[in-house]
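Let's start with one chain on its own, the form predicted alone, as structure tokens.
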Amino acid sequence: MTAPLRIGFIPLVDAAALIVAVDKGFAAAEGLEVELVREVSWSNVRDKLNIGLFDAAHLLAPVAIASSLGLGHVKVPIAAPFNLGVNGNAITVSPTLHAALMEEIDGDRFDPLATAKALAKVVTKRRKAGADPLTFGMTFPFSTHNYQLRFWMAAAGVDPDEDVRLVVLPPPFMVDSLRNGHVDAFCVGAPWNSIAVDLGIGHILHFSSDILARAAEKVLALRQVWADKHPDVVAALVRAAVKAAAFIEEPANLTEAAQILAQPERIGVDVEVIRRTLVGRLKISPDGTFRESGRYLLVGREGAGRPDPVQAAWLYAQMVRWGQTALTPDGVKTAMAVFRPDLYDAAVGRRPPDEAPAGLGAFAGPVFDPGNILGHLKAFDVGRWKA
């Protein structure tokens, strides 16, 4: 056994591989003793990881990149040898906003460009009526939630910094904020979108996979210095997570995995909500309408666990697009170096795949090329970047 490890997490279903690795014994089988520490906010997780109170963490992929770049806080290089989740977010709107969007929509209500254009019409009407801007909740400035909201609405010309308000809320507080009228909509990971629908206070407008078919969401994050000093522990953690992800993805284990995750000290919500999340069958409306997607949340299948540096480059490009940092060659290099497929491959004893991972599959704009981020930025009319 190694010295006990303290690993922080937020109560979200994309922490599943980490939680199951510990509670099902996969970590212990690798000689690891792990204490999982439940947190409420991403800033807490980031700060405790950075200063060494946590040895590892369930972390927003963009936060790992921002920490390595020194954006928004102190500079602490992070290594991410395992993707805990690909996709898994959704945009949920209040009944009032949902009705307004459906009144204005022209086209398929599951087409993000159609809903973005409807949003633009709603925003224009509210401005003419002298109403306050719509308020959207997201989990952190450096988050896929922030970038997915922005990418979606900006595709129809809605400026997320001028036409609406984006506010930061911890994931467990999203539902109460919608119920209390503090926000009109939010983008968050599972299970909080489903909780809002089950309570009758929200409609799931989009799965994040409508916006990007494949988007790195959460990573197993380690301080680079710590990872360099403990390569055997890193490899054991990756192997435990890989085995846990495979266990979760096996249909015969669905109920047991959901029960593990539903425990009060873990995610602490109804087992059935977690089951629906893991199979990608979500109730999207209080009237009982369901929607299914095999891409809603990828825990281990389709190579989801192996980090893809191209995903890191896309996240960096969004930081540049929205004025969080400048575009530099060193910045791109640093961002891509956070995602460590080499550590993943070494841990599981495999050679790198011959084929590149599947692309992001964005619903708008050109195919993303990490070697031409400037071209990516120039393809969009709305943004905060400067040449």
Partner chain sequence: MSAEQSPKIVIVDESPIRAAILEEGLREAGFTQVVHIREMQSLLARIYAVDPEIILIDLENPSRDVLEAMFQVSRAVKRPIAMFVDQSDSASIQASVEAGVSAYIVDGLKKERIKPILDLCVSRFNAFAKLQEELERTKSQLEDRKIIEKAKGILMKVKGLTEDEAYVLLRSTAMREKKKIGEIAQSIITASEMLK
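Positions refer to the first chain, counted from 1. Owing to the predicted nature of the structure, the values given are computational and were not obtained by experimental measurement.
Here the subject shifts to the form predicted together with the partner chain, a form of this protein not shown in this document.
J.: Would you please decide whether G303 lies within 4.5 angstroms of the partner chain in the model of the complex, comparing each non-hydrogen atom pair?
T.: Close contact is absent here: in the model of the complex, G303 is far from the partner chain, nothing within 4.5 Å, heavy atoms only.
J.: Might T139 be said to contact the partner chain in the model of the complex, defining contact as any heavy atom within 4.5 Å?
T.: Yes, T139 sits close enough to the partner chain in the model of the complex that at least one of its heavy atoms falls within 4.5 Å.
J.: Is W226 close enough to touch the partner chain in the model of the complex, meaning at least one heavy atom pair within 4.5 Å?
T.: No, W226 stays farther than 4.5 Å from the partner chain in the model of the complex.
J.: Considering non-hydrogen atoms and a 4.5 Å limit, does the partner chain approach S43 in the model of the complex?
T.: Close contact exists here: in the model of the complex, S43 approaches the partner chain to within 4.5 Å, heavy atoms only.
J.: Looking at H73, R281, R109, R127, which has any heavy atom no more than 4.5 Å from the partner chain in the model of the complex?
T.: Exactly one listed residue reaches within 4.5 Å, namely H73.
J.: Work out which of T255, Q263, T289, N180 lies within 4.5 Å of the partner chain in the model of the complex, going by heavy atoms.
T.: Among T255, Q263, T289, N180, a heavy atom within 4.5 Å of the partner chain in the model of the complex occurs only for N180.
J.: Taking 4.5 angstroms as the heavy atom distance cut-off, pick the stretch from 157 to 165, 226 to 234, 101 to 109, 303 to 311 that is near the partner chain in the model of the complex.
T.: Within 4.5 Å of the partner lies stretch 157 to 165.
J.: Within 4.5 Å of the partner chain in the model of the complex, which residues of 47 to 70 have a heavy atom? Give them in sequence order, or say none.
T.: D47, K48, I51, L53, in sequence order.
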